[in-house]
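The chain below stands alone and is given in structure tokens; this is the form predicted on its own.
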């Protein structure tokens, strides 16, 4: 039975019981932990660094706790690279996974983001070298506005707290990051796959206590 740690920021309204919500297979155990960011919501480089640290502290002991994978539900992918360095189990991130998965469904995608995630979404699209495939990052204001902005998109990636209500009539694929990361984690565990150590080398010296102490300073 796969055992997956799901980490989400405390400011996002996500379902507590992800299995009951239909996000995971019945034989998958999901442990959902909410992570408090020192600066919330994170809106710039200073806040992003603190969010990285908070996610790293929340997930750094996942392997020792017996988890088979870690899912990061925040579209900003905070702490992802650091956790991959610290852990041998898969670390699946909402932002990167959603956008890459969208490209299996169409030649390009659009990201629909709230104000919370808009600037960060622009940053990670560029960092992941997806500028050419990203048709645009649209700011969510209302469902009516959302339908108008999304009408020409090939695939929609729903970032942050964006809801898909009113979009069903568009008849285009919509990628929900939360559902996706759980399913991808289940698949990676089932296939016995994890990230490359050449891409994410392990730290020369673990400093778990220091990381935990710094992240708790509020």
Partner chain sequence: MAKVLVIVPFPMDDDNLSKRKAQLNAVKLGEGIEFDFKPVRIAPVNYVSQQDSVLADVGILEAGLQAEKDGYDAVCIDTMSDSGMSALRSVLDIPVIGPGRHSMLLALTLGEKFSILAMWDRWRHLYTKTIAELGLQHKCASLRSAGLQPNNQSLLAGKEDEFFPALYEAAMRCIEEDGADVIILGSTTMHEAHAYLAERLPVPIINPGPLTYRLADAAIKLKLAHSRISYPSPSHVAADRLAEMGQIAAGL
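For clarity, every value in this text was computed on a predicted model and none was experimentally measured. Residue numbers count along the first chain shown, from 1.
Below, we refer to the form predicted together with the partner chain, which is not included among the displayed structures.
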Checklist entry - Within a 4.5 Å heavy atom cut-off, is residue 196 in contact with the partner chain in the predicted bound form? => result yes
Checklist entry - Is there a heavy atom of residue 85 lying 4.5 Å or less from a heavy atom of the partner chain in the predicted bound form? => result no
Checklist entry - Though only this chain appears here, would residue 119 touch the partner chain in the predicted bound form if you measure heavy atom gaps against 4.5 Å? => result no
Item to check | Contact flag, residue 101 vs the partner chain in the predicted bound form, heavy atom cut 4.5 Å | outcome: yes
Next on the checklist: Please tell me which of 62, 175, 35, 56 lies within 4.5 Å of the partner chain in the predicted bound form, judged by heavy atoms.
Outcome noted: 175
Checklist entry - If you look in the predicted bound form, which residues in 121 to 137 sit within 4.5 Å of the partner chain (heavy atoms)? => result 128, 129, 130, 133
